[in-house]
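Only one chain is shown below, in structure tokens, and it's the form predicted on its own.
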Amino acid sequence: MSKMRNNEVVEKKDIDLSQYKVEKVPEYISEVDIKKLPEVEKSILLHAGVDLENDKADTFLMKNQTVVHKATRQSGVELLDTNEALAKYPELKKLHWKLIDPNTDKYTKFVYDNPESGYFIRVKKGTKAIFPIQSCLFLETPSVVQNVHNLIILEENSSVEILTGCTSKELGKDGGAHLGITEIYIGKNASLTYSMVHNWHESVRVRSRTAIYVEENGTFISNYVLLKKVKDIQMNPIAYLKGRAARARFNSILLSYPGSFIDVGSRVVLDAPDTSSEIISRVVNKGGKVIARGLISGNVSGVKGHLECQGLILEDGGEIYTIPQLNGLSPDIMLSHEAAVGKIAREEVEYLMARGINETDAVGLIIRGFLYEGLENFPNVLKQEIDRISDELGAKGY
């Protein structure tokens, strides 16, 4: 049950983790055999943005709790199982669980106390990766909780694009749970575009906890896309801009269905002069409940930030709550926000129809334009998914 209290939505969506088991998948899939996965699994992964036929991209696949495949193809890029990396480089323990406190909540504590795995990515100093790194976190069997801990390090003057697809098979009513911890360190003059597609089964429950540390003149761009029904999801990543002229941008595109509960936000802490941030959210609601949060904290003088959330409600029963928050803790800062929730304007549809576009295509164009507005550095694979869902919604006459 939700309540409005002091202009904030209070919602309890607790997960009883005792109903899930941690399960390993024993086999290791070699780089040669990865292309021999069943076609149905390849299709699932492709809809999450991961193309196993791409022989140029560095690739990582984790099923349930076991890393079953990893392939590194670019010089200057290191891709390992997190546990393998910690054993190989003991000094990484100084960074592991540094940005996220294991006692933050019951979910972080569960990951800390139980077997965890995930990917370790390091882009070495001066490396400009040409091809993206693609990873997939895959829930394969019902009633399993997947404990993930990723660690990403971009050394000075490096750049890379990482595409993470989180997905699952059909899991029935028992569903599954995904608990994800990701810690990201971006060095001086380094740049990371981090894109995540959530393409879960409708009975999956998700709790992601992500923190990013950005040094001088570093750039972090996050693209998050949720276009498929999920039972409930809660995530609110935080970026700490610690070096002068560091920049962070969060782009989120959310599609909500009846029966789903989505609580998604982004936070940025501007802790150094000339730092800047943008948080841009687009929500299309076909039903269910969406809470879109955003927080920008200007802690020193000479910082800038903008927060924006726009929502479309397509059907009765859909709910959207926007919770923008700006904290000004110093003079000479510039922080702003805007939010709007509404429906597709009939006059916009009629305007396009008057110019020879049929109604289905007109609605699809409006939804597509709404989702793309204000976004930048969006990978083509995500654009294709947005185009596909926009056409589907247009065909239904919204």
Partner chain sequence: MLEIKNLSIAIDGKEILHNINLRIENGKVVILFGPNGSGKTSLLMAIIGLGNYKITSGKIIFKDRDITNLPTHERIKLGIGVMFQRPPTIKGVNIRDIAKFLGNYNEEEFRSLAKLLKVEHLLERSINMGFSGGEIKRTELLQLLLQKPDLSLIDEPESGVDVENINLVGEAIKKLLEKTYTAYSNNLPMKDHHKKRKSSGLIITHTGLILEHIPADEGLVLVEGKIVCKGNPYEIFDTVKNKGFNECLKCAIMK
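Residue numbers count along the first chain shown, from 1. In this text the structure is predicted, and so the values were computed from the model without any measurement.
Here the subject shifts to the form predicted in complex with the partner chain, a form of this protein not shown in this document.
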item	value
Non-hydrogen atom contact Q310 with the partner chain in the predicted complex at 4.5 angstroms	yes
A354, heavy atom within 4.5 angstroms of the partner chain in the predicted complex	yes
L365, heavy atom within 4.5 angstroms of the partner chain in the predicted complex	yes
The partner chain contact at E350 in the predicted complex, heavy atom, 4.5 Å	yes
Interface segment, criterion being heavy atoms within 4.5 Å of the partner chain in the predicted complex, picked from 327 to 335, 61 to 69, 355 to 363, 43 to 51	355 to 363
